[in-house]
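Taking the form predicted on its own, here's one chain by itself in structure tokens.
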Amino acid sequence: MALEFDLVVRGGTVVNADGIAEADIGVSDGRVVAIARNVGKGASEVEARGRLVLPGGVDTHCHIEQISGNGLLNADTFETATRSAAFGGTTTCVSFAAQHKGQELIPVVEDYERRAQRGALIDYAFHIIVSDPECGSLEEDVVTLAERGHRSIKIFTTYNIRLDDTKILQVMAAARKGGDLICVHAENHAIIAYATERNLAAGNTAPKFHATAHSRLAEAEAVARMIRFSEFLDQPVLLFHISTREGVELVRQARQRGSRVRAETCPHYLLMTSEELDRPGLEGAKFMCSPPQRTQDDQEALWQALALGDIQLVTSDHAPFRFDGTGKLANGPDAPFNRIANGMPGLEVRMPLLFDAMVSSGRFDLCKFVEVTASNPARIFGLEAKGAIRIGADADFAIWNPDRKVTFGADDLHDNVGYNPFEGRTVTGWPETVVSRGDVVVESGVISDSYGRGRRVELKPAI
């Protein structure tokens, strides 16, 4: 009998955001071509009986091979980051092409594309960080990049790459011309700067004071302002890494008004509090991120927002810096909190942490897990062939053993960071086999060495 498919995933429980079914999946030329019981033979077959077959994760917030605003290169290359992503069940990542002062946008994006082409194991796209809108021709460059499928722009309201309000409105208006989505790191810079100065003057230099310097009101003020800018221009906005109850309530109110506002959060806001920063010496630096982790009350507000749909997606905000002189401790072992690199590794742990916290715990069902980790990220960013197991979609799957228990170790991730911020946590549910566009890239703890096989996927116009 002639082979009908390149690959068959046989006998699994296929889960999408809108339903669950027992079925085989037939794959040809990297796409799903059949979903049914007892499909024909494949040149290669993966046994999935007793397993869950979920869409590969779509992580739309990853910093990879990126130079920070302070000139510090993060720890991961596209090879190491996408390797780590695949081990965690993620098959598409959207990272950043970061413009710095004096750089024109189009060459910046082309440079990041070249880096990804060399090393990416899984598929990828880019957000364009705009920090110098006066370099080049902003509107023309944004429209040109949009025509090439780059339709996401990130802006900051804090740090040395922040834009003032006038420039933010200019960037938003240019994005509207290109059909782009605007993504915002929304914290009030003046509040943070004032609180940081007061802490340092009082001798409060330890990592735990990072949390008090990044006041929850700094998030609330900037979130409220960006929502109003979005409404003023009728420009879609995605508010990154919401961490507070106040931020959630502002997003909820905006959505009730019909605003074109969406929001994400991250596992570390759902599962950690600011107490993680209060450790001996600089150990707390491993857990520093911006905004910082908050309180249990904020966690409850975030979980409720996910249940109600006010927060639509959970991303990793993978921001990898080693805990040494190349990363977190680049400014020395006695650096004050404001001179320690912010960010934690998250690409590999996002999906297992959320499966455990959402599904294994009974908090949500499998469909909701798929929705916030794959389907909604794909839909919001216009990744039309991603985030669902359906005819014509890319054959991106993660095959999960829902009963497998894994306890995270001190340095057990497959990135280049050297530590796991979730060391000691046990999760139930694990992606054992991962398929990207019909290629098995992870199986039985072994990774494919096909680095550079990943493709850039186009982002469609913002919804």
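Residue indices: 1-based, along the sequence shown. Note that the structure is a prediction, hence the values are computed from the model and not measured.
Below, we turn to the form predicted together with another copy of the chain, even though it does not appear here.
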Within 4.5 Å of another copy of the chain in the model of the complex, do we find a heavy atom from each of Glu22, Asn188 and Arg225? yes
Within 4.5 Å of another copy of the chain in the model of the complex, counting heavy atoms only, one of 412-420, 66-74, 431-439, 391-399 shows up; tell me which. 391-399
Listed residue (Trp303, Phe364, Phe229, Phe323) with a non-hydrogen atom within 4.5 angstroms of another copy of the chain in the model of the complex: Phe229
Give me the residue from Asp356, Glu264, Glu79, Glu221 that has a heavy atom within 4.5 Å of another copy of the chain in the model of the complex. Glu221
Taking 4.5 angstroms as the cut-off for heavy atoms, does Val406 touch another copy of the chain in the model of the complex? no
Answer yes if any heavy atom of Ala43 is within 4.5 Å of a heavy atom of another copy of the chain in the model of the complex; otherwise answer no. no
At 4.5 Å between heavy atoms, is Gly258 in contact with another copy of the chain in the model of the complex? yes
Even though the partner isn't displayed, in the model of the complex is Ala201 close enough to another copy of the chain, meaning a heavy atom within 4.5 Å? no
Restricting to 31-53, the residues within 4.5 Å of another copy of the chain in the model of the complex through any heavy atom are Val33, Ala34, Ile35, Ala36, Arg37
